[in-house]
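As structure tokens, one chain now follows by itself in the form predicted alone.
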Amino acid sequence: MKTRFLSLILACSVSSVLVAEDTVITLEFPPPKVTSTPAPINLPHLELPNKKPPVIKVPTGVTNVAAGKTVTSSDEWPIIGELDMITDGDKESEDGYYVELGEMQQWVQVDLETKTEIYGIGLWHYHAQPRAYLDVIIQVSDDPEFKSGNTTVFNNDHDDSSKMGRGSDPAYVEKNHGRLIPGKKATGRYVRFYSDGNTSDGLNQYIEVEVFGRSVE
């Protein structure tokens, strides 16, 4: 009986330590700046306004492992900007802070350099004008070509127009606070972000991505 009582005390102590070490992912974002009138946003799966971001608890040691990492894309020659802007920490929406890729489906990809357990992802598209990006899909993989072993952590392609599977996540209006997306503890070295234009034009703009995780190698 005494041994069992001591075991219960030890288990409670360990649990308390784990809870104490947990932190919550909090995105840092620039002040809002709307510079142009939005085009009408008419999407059947548009998220209700003012929805609160998810609360994602992470253990000690989880950081933004995408900071400063190499970015590649499906568009070899971006119309505006340089790909390294996407992991440089600057989240403003003025010229000089965002990358603009061509029309139709495009993607940007971050090489985390090591296999990583991912708890959360921060994503900023262009937000100086309220708009929703179409067919936003985020996948994690150890394959740099994303031909096998992919894990999808976000997909708002409600009608499978991208031919990558029908998604159940909502479309949402871009704002300065970006989008916090649960990483579902997916593991992989590469994170790829797809989009297929937006409700204002057919282009694909990216400002910043953050990946909150820790190496599992």
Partner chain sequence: MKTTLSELDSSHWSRRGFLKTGFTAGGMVLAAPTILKAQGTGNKLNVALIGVGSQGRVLLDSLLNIEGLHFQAVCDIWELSRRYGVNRLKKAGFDPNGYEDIEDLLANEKDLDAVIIATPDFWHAPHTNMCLKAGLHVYCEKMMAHTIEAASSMVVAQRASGKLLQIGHQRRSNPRYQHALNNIINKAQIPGRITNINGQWNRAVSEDLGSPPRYAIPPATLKRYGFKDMHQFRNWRWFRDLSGGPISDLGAHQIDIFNWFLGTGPKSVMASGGSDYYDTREWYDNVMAIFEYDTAQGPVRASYQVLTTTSAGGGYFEQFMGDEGSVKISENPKLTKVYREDRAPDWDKWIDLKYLLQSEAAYPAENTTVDVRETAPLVAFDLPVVLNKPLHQPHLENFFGAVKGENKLNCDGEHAFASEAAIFKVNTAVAARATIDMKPSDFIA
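Positions refer to the first chain, counted from 1. Since this is a predicted model, take the numbers as computed values, not measurements.
Beyond what is shown, the protein has a form predicted in complex with its partner chain; the following relates to that form.
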Stretch from 183 to 191, 145 to 153, 50 to 58, 35 to 43 whose residues place a heavy atom within 4.5 Å of its partner chain in the model of the complex: 35 to 43
Would you please decide whether E28 lies within 4.5 angstroms of its partner chain in the model of the complex, comparing each non-hydrogen atom pair? no
Going by a heavy atom distance of 4.5 Å, is D201 a contact of its partner chain in the model of the complex? yes
How about E94: is it within 4.5 Å of its partner chain in the model of the complex, going by heavy atoms? yes
So in the model of the complex, does D111 come within 4.5 Å of its partner chain, heavy atom to heavy atom? no
Answer key: of S168, T70, S161, T63, within 4.5 Å of its partner chain in the model of the complex (heavy atoms) is S161
Given a 4.5 Å distance limit between heavy atoms, list every residue of 106 to 140 close to its partner chain in the model of the complex, or none if there are none. Q106, L134, D135
